[in-house]
Ligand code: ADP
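A single chain comes next, written as structure tokens; it is the form predicted on its own.
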Amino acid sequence: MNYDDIWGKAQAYLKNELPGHAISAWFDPVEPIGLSENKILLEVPNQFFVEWIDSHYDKQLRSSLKSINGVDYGFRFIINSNSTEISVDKTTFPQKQTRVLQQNNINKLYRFDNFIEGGNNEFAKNAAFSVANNPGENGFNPLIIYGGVGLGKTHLMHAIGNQAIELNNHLNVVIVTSEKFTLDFVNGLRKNKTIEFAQKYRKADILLIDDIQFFRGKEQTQEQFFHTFNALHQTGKQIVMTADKYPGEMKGLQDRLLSRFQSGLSVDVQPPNFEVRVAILLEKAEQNGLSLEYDIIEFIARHVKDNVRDLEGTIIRILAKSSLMNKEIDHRLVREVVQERTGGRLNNDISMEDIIKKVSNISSVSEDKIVGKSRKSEISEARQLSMFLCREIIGTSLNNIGIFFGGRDHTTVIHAVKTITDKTEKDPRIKKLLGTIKQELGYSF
């Protein structure tokens, strides 16, 4: 069977298992483009399709490809020709391309040219780039990239592998997680194949190990890694590792391992600052074929701060919600998604005091009067504006807003929010006033 026939049968199966909207949204745009070693190559429009199908329809897709004419077919996604993945001709699938696509499980999407560089990661990126261009030759051996979750450590590690292979495709680049290394060792012990295990890793020209902190407490694995490390290091082979903290602060690892780790170069990656977060969001949106207004990008960057993974996840969530609920991507939808990803609160660094102070400055009504009892129209308006903004920007509960504004009942806050919402739609002056206050608070919509 050719790949068109295989995909046709898989689609027929999927149509019986999934609702129509799922088929039209996620599987109709997929194109079969090749077949290699019982794996069908499926071209998808963007990385978002890969993430979404993997997280929502992986089981059904695998089931659809099982036992077609007695063969269990697997699958591999390829991003379309506008992306960074290798373009594959639809009529042939040369062996050379197969090798490059499958080599060492390196993620082809993680490259230096799409790594967003800033003050938080510049040193780490430059060190990684140097190692990729001159593995084992620059004294940065081992290179350890450390930092918190989702900050780009794994991206840099895969980028090293991609760059090194691009410069010399004969290099044996081995990239694994610490868990995979441990599992291979355990299986080697179980099947009396420890020699084969050792040879697999000690033949590497570049060994890339992700999350070495998971070696903690695994004495035999540490022993095996120590000997692997020595064998590679003594022959000038490059070792790169990622970790969650500086090697000197790790506990549960053998002293002699830590000593080896500290003999090379350790570089850290920090959470991205605001400008870097904006750049990352622009890049991720472009990768996923998503055009967002700049004020939306800035809004996400102000509220999603911890790591790159959360930023990318926000973009994917926006795409998903828009697609599945058939909604336009507007300010309201983006706000909903960001609130979901931040636990329902927005801009935690803005307080009710900050809002009242800003409203006071712009309206020329004193802070005491805003939280006081006066019912004069200009004071009531300033108070209602303040209540509305406390609710919209910070997400403070109705009861807490009422208590803060002189012990008022929550129904008073509800009335204030509704009044300002109505006026915003009908009164250009109120709409402009709200826009000015939000802008000065760093909350643009």
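Computed from a predicted structure; not experimentally measured. For every residue, the number given is its place in the sequence shown, counted from 1.
Although it is not shown, the form predicted together with adenosine-5'-diphosphate is what the next lines describe.
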* Asked: Any chance Arg277 has a heavy atom within 4.5 Å of adenosine-5'-diphosphate in the predicted bound form?
  -> no
* Asked: So, in the predicted bound form, is Thr154 in contact with adenosine-5'-diphosphate at a 4.5 angstroms heavy atom limit?
  -> yes
* To do: Decide whether Tyr110 counts as a contact residue for adenosine-5'-diphosphate in the predicted bound form under a heavy atom distance cut-off of 4.5 Å.
  => yes
* **is_contact(Lys284, adenosine-5'-diphosphate) in the predicted bound form, heavy atom dist at most 4.5 Å** => yes
* Note which of Gly188, Gly264, Gly136, Gly150 lies within 4.5 Å of adenosine-5'-diphosphate in the predicted bound form, where distance is taken over heavy atoms; exactly one does. => Gly150
* Structure fact -> Checked Asn168, Ser374, Asn326, Asn114 for heavy atoms within 4.5 Å of adenosine-5'-diphosphate in the predicted bound form; positive is Asn114
* Asked: Pick from 307-315, 355-363, 191-199, 225-233: which stretch has non-hydrogen atoms within 4.5 Å of adenosine-5'-diphosphate in the predicted bound form?
  -> 307-315
